[in-house]
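The chain below stands alone, shown as structure tokens; this is the form predicted on its own.
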Amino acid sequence: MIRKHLRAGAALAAAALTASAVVGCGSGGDDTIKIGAVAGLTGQFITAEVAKTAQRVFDDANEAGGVNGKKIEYIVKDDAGNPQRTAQVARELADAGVVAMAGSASFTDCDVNDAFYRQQKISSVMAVAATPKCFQSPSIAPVNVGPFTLMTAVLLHATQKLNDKNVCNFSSLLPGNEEAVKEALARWERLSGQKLKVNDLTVPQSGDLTPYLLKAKQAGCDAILFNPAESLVVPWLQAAKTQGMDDVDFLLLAPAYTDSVAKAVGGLGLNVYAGSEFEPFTAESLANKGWRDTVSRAGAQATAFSQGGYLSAKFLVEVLKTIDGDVTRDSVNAALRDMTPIEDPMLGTPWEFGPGQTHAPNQGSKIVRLTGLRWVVVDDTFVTVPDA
């Protein structure tokens, strides 16, 4: 169903390219600098806290005098998780004259709008990127680690820190992500020198997961990577407890690193680890101080998603301030291309846009462990995934 929707969205995107090509060259002569975002304010993938936090960052910049004497006008469009709507709102933002995007958090934005952003020369500093296309575009540079680098990071933690020898993978594939998942697993194999004991890419998005756990138990897996969304993580771990898998290290990704998962399965006594996209949002650390203050004043929920909103808006403001003269799409693109990499304590590696044809600047993750009903940071250093 998702694949069908994506095809429909791509077709609509192609049809709309020509119509939108003659309008919307970016602001510069107006009184404001218009920044856009595509987010899920309704629907199945709600990311409202991202836009709220980014808005607060832009409000702070405006209250401090703006950029080159102009105020930032932040325009957020709700795509409701619908690919056709995702294509439509991107064109509305282009027609409104946005000079760039920041704080976007949509599951379909990259797949549907990548070609449009290239054609319109709109750069996106994305807050929450989840599909391969987000990391393979010359027009998009996410601030988050993303699920694929995160898979490699948690597997490295298992082999380097937990000394697991029989590492197994049980992952679900979504339309378009098969090659990225396989490359993430192969990257770990190249870096660790180990091979997966079991590599099962057939885990469904619903149904009884017990047969997969029995397969892992029979194979003698020391560690099990499991990538599905939060809704499947709880039944997966509950079934693992039923099977008596107390000595297995369960490796999860960012969607499982939530307070609700901690409350639901923290009492099971299993060995559960997860990778974070940034400085872990549950840590009361100095690195999180600026974000925590901002998200509080924004009245938004403190989550890893809101961390992405905060950083994407903050980084774009820093880049905008380096522009001399009018702030236009062309001047923003030039500034992003030529920018000095930004170091931030919430990231394990510097963030930059740069001139590359692909962008995955954030390669650092911290590992958290479920301890009682709380997630606790295991190691205060980032696991930085090297090239391989």
Partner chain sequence: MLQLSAAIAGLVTGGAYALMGLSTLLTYRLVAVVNFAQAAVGAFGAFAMVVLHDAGLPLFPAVLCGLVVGAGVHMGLGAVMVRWFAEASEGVKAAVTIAAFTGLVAVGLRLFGAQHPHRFPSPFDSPAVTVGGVVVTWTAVVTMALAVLFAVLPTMLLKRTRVGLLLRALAERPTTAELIGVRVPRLSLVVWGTAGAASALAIMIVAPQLAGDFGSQALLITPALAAALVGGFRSFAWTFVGGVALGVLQGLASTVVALQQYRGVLPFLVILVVLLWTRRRDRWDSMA
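From a predicted model like this one, the values you see are computed outputs, not experimental measurements. Numbering follows the first chain given and starts at 1.
The same protein also has a form predicted together with the partner chain, omitted here; what follows describes it.
Which single stretch, out of 60 to 68, 319 to 327, 44 to 52, 352 to 360, brings residue heavy atoms within 4.5 Å of the partner chain in the predicted bound form?
Heavy-atom contact with the partner occurs in 44 to 52.
Selected contact from Y117, W291, Y74, Y212, since only one has a non-hydrogen atom within 4.5 angstroms of the partner chain in the predicted bound form
Looking at the other structure, the residue within range turns out to be Y212.
Between E183, E230, E189, E92, only one gets a heavy atom within 4.5 angstroms of the partner chain in the predicted bound form; which residue is that?
Contact check passes for E230.
Non-hydrogen atom contact A287 with the partner chain in the predicted bound form at 4.5 angstroms:
Looking in the predicted bound form, residue contacts with the partner chain do not include A287, since no heavy atom lies within 4.5 Å.
Interface membership of S296, the partner chain in the predicted bound form, 4.5 Å heavy atom rule:
No, S296 stays farther than 4.5 Å from the partner chain in the predicted bound form.
I'd like to know whether D200 contacts the partner chain in the predicted bound form, with contact meaning heavy atoms within 4.5 angstroms.
Yes, D200 sits close enough to the partner chain in the predicted bound form that at least one of its heavy atoms falls within 4.5 Å.
Check whether G220 has any heavy atom within 4.5 Å of a heavy atom of the partner chain in the predicted bound form, and answer yes or no.
Outside the cut-off, so no.
Can all three of M339, P341 and P386 be found with a heavy atom no more than 4.5 Å from the partner chain in the predicted bound form?
Judged in the predicted bound form, none of M339, P341 and P386 sits within 4.5 Å of the partner chain.
Stretch 225 to 257: residues contacting the partner chain in the predicted bound form, 4.5 Å heavy atom cut-off
In sequence order, E230, S231, L232, V234, P235, Q238, T242, Q243 come within 4.5 Å of the partner.
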